[in-house]
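What follows is a single chain, given as structure tokens, in the form predicted alone.
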């Protein structure tokens, strides 16, 4: 459970190299990596992909988002231990990418980004407190929940440009038309990893794999396995072709793979089988949530990962019968 800690950051602590490391760790923690160099490589990959797509504000949004959410943790006097390992910042980094992936860059959208990134810090505390009895945490759901609020609100506020949000419509016919050449499949596979930060670039996927190997080779391996397995599953079941080509069935599965394969379970044969099943199920959760949110024109973000990982972690929870009277 998150608590207020007397060992607080002071103003002077913010202007230090250690604080920069904390911010970089916040970027790394998006994929459960407590490593500043991994976070730096993630940022390089984000900048490469964002500038390649002509969306530099997505990359700068990630920087502002992680800094704002980390500073919010400082101002609220939250657990310094959490702050030092980047747990205040990872949701904010995703907010920075998410806001500018779906909203145009304007003064108002930058204000929205700052508010939303700050919001994730205390939302995380609340959700973690709520979930603590079940021995699971909120994962990236504070990012998902907060960003959903701001994206939905944008449709009622002319100051926020919604041109990049999907048009609300009822699910209907879609085309399965995937270019199946080996080179294309490699690109889709790498994009599935890059899309964790909403970056549609196979080069970014390469940066992310390298970044994961720097921190934890098992995380890197599971990220690669998860993206490949989710791609294979989406193709076998003939999912939306354009989404397959853009890696959109991969990113939540990648996070599920890292979570179950190298973070919350000890790596062994049994946990590996459990992880593989979790990855496949994540693809179906992704498809189901895509259909659920299409009428609202709202992206699922990393919600499928959160739902899948909770479902596969909850079996670890056992009710205390003495306390519940069960």
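Residue numbers count along the first chain shown, from 1. These numbers come from a predicted model, not from an experiment.
Separately, the form predicted in complex with a further copy of the same chain exists; it is not shown, and the next lines address it.
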Point to revise | Selected contact from 44, 63, 292, 37, since only one has a non-hydrogen atom within 4.5 angstroms of a further copy of the same chain in the model of the complex | key: 292
Check your understanding: Exactly one of 214, 242, 152, 206 has a non-hydrogen atom within 4.5 Å of a further copy of the same chain in the model of the complex; which residue is it?
Key -> 152
Practice item. Indicate whether a further copy of the same chain has at least one heavy atom within 4.5 Å of a heavy atom of residue 232 in the model of the complex. Key: no
Check your understanding: Contact between residue 127 and a further copy of the same chain in the model of the complex at 4.5 Å, heavy atoms?
Key -> yes
Review point. Taking heavy atoms and a 4.5 Å cut-off, does residue 311 contact a further copy of the same chain in the model of the complex?
Key: yes
Exercise for review: Considering only heavy atoms, tell me if residue 111 and a further copy of the same chain come within 4.5 Å of each other in the model of the complex.
Suggested key: yes
**Study point:** Per-stretch contact check against a further copy of the same chain in the model of the complex, the hit in 103 to 111, 198 to 206, 180 to 188, 86 to 94 (non-hydrogen atom, 4.5 angstroms)
**Key:** 103 to 111
Check your understanding: Heavy atom within 4.5 Å of a further copy of the same chain in the model of the complex: which residues of 263 to 294 qualify?
Key -> 274, 277, 280, 281, 283, 284, 285, 287, 288, 291, 292
